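In structure tokens, the next block holds one chain alone, the form predicted on its own.
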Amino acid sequence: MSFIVAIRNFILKIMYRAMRPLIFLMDPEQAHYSLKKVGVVMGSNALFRGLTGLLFDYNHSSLETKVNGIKYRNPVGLSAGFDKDGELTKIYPSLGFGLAELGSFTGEVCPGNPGKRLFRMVKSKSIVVWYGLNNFGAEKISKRLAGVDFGRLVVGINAAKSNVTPEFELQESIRDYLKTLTLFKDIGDYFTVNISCPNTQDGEPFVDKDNLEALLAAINDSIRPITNKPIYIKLAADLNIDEINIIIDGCVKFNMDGVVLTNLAKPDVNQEHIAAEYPSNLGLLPKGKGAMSGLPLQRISTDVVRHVYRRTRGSLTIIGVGGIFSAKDAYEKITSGANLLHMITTLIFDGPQNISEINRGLVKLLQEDGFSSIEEAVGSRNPLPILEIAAASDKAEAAA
């Protein structure tokens, strides 16, 4: 069966490579909306979904995994930022996804940033994003998704703070998060609290320890009593080690269930792209604006996964995001400590068949290492610190 799927995927890959130059002639944001319309149509009835599944889906028992009490048919998921209004959930399982994170959704309607907001960096294998959290707001979207049966797809709800003012006000920001989380309390399977959008007017104020702890305490007080969904926190890619530790330690202290690692990479702190391609260097975007997905994020996000897995002794669920284009890339994040994965950029550069090819490749890699499940592979190449040494290290840090 795997051999047949491999041939199918190879043919689809050749077809997508032939089509991609035509797609890339389109404005990136327009191409996104046009292909999204195709996805809505393909998910609109059982016949279209079945045909899509024959072309793109792949299943294997060793890919099944259970995380925070939720069963996933595979660990490969769609990252937030692709389906900003939650319109494509019917088609995702047929494309091979085990999970999809919708949003980001905000408490208020957000128009997003003005002007051109999406760019391709082909040589860097990256998409530059400057959307600014455009979405129709939590009230409208939650009403539309209420009662929807997502079937075999595990759905995450990504909540962010409304990007409507450059002024940061702590209690208003917390209220905004809580509004979205409350409206979606009965929709989807898990929450991601996005404190790391790189394209907002007021920056990333929840890197501050006091702000973060106020938010997490409010989530525990207001959201935990009304839903038993796992709650994850999404971190930025450009944090220094002390900032990462502040957020991770806060997550542990306030009993968050996990983290999403990481959001997009900012150009001023990332050297892993071809600078001449960056849109601000081409006069297409104001200097310092936007952030990168894909290959420039790959190594950085994996390093953060490794650090967080070791610091928390594997106690937090980790969703690894950034630069996953192959089964090898996916497996590196899993063996570094990631329980689940998110991706978008491979869809754009490699085609939708690459989701099943990544899943198929993961099965082979698991077998080569003698594992019968994803859970066995998590963190297998990133040994946890010996507890005595870790305790001594923590004691020394506390005394410093």
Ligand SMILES: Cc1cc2nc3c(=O)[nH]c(=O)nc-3n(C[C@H](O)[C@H](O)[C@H](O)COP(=O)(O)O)c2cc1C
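Position 1 is the first residue in the sequence shown; the rest follow in order. The structure displayed is predicted, hence computed values, not measured ones.
Omitted from view is the form predicted in complex with this ligand, to which the following refers.
- Screening 156, 290, 98, 323 for any heavy atom within 4.5 Å of this ligand in the predicted complex leaves a single hit, 323.
- A single residue from the set 264, 305, 233, 138 has any heavy atom within 4.5 angstroms of this ligand in the predicted complex; that residue is 264.
- Although the partner is absent here, residue 344 is a contact residue: one of its heavy atoms lies within 4.5 angstroms of this ligand in the predicted complex.
- Using a 4.5 angstroms limit between non-hydrogen atoms, residue 258 is distant from this ligand in the predicted complex.
- Residue contact check for residue 239: none of its heavy atoms lie within 4.5 Å of this ligand in the predicted complex.
- Heavy atoms of residue 79 reach within 4.5 Å of this ligand in the predicted complex, making it an interface residue.
- Although the partner is absent from the chain shown here, 118, 194 and 294 each have a heavy atom within 4.5 Å of this ligand in the predicted complex.
- Only one of 242 to 250, 168 to 176, 108 to 116, 125 to 133 places residue heavy atoms within 4.5 angstroms of this ligand in the predicted complex, namely 125 to 133.
- Although this ligand is not shown here, in the predicted complex the stretch 85 to 111 places heavy atoms of 103, 104 within 4.5 Å of it, in sequence order.
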